[in-house]
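One chain comes next, on its own, written as C-alpha cells: the form predicted on its own.
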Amino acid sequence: MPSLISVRSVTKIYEAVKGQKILALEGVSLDVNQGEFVTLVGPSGCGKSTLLRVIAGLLPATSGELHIDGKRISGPLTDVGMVFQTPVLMPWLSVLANMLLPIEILKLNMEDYRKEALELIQVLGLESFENAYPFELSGGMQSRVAIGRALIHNPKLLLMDEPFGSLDAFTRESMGMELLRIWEKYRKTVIFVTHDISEAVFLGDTVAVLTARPGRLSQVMHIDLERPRTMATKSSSAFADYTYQIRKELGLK
C-alpha cells in the first residue's frame, strides 16, 4: 500500500539577517502510512517544527519533494488539522465557538458541524464547558479544545507541534493518555513533534529521530509495544530498551 505522506530529500534553508543562510533541514526522507502515529524527536533547534510546517504546506522546501496521497504538495493544505505548543484559543470566543472556528474559516455550513462539535466536546471530557471561555479553563482543558478544533473538519492528517510542552508533568502524562484514547477512536494519521524521548516512544507506532541542526533523519524506529497502551507500558523492559536506543542515537549516554 502506498504511503499517505512521502517526504523525499527535503532541505530547508532560511534567509537570516544580512543575507546569512541557516540550514535547518538537510536531505530528510520519510514515509508515513494511513492511520499511523509517527513521533518526531530530536534536540531543540533540530528542525522538527520546520519539517512539520513543510508537511503542512505552510513552508516551502528549499529542495526536495512532498507528496500526500500521491499528489505533490506546493502550498497550504486544507485537509489537515494542526495543534501548536500553546492552544492559541480566541479569548473572546466560547469553547464551542473556538472549536467551530475552522468551519468558519473554510466557509463551511456552521449548522452542519455544530452536532459534531458537541460530540467532540463530550469525547474530550469538556461536557458542560461548551459555553465557557478560555480564561475559565485549565491548561489541559485548553489543550483539549485545541485538539477538538483540529479535528472538527474531519481532516485526513493531524499535525501536532509539542502540544503538551507548556503543561506540568502530571497534566502532560494525562494528556498523552487522552490523546491515545482519541486516536484509538478516530484513527487519524498523526505526526507529533516532541523533544521528550519517553513521550515519543509511548505515543508512537514509529519514532523518527532527527540530529542536531542541520536536522537529518538518523533513525526510523518502529515501536512494537502492544496497544492500547497504559501507564504500565512505561515500566516494561521493551519500553526502556527503545528509550535507551534513542538516547544512544542522540548521544545521550
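Quick note: we count residues from 1 along the sequence shown, nothing fancier. From a predicted model like this one, the values you see are computed outputs, not experimental measurements.
The same protein also exists as the form predicted in complex with a small molecule; that form is not shown, yet it is the one meant from here on.
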- [ ] Report the residue, out of Gly70, Gly45, Pro228, Gly27, that has at least one non-hydrogen atom within 4.5 angstroms of the small molecule in the model of the complex.
- [x] Gly45
- [ ] Name the stretch, out of 196-204, 219-227, 31-39, 48-56, where some heavy atom lies within 4.5 Å of the small molecule in the model of the complex.
- [x] 48-56
- [ ] Would you please decide whether Arg213 lies within 4.5 angstroms of the small molecule in the model of the complex, comparing each non-hydrogen atom pair?
- [x] yes
Task: Close approach of Ala238 to the small molecule in the model of the complex, 4.5 Å, heavy atom - done: no
- [ ] Answer with yes or no whether Tyr14 is in contact with the small molecule in the model of the complex, where contact means some heavy atom within 4.5 Å.
- [x] yes
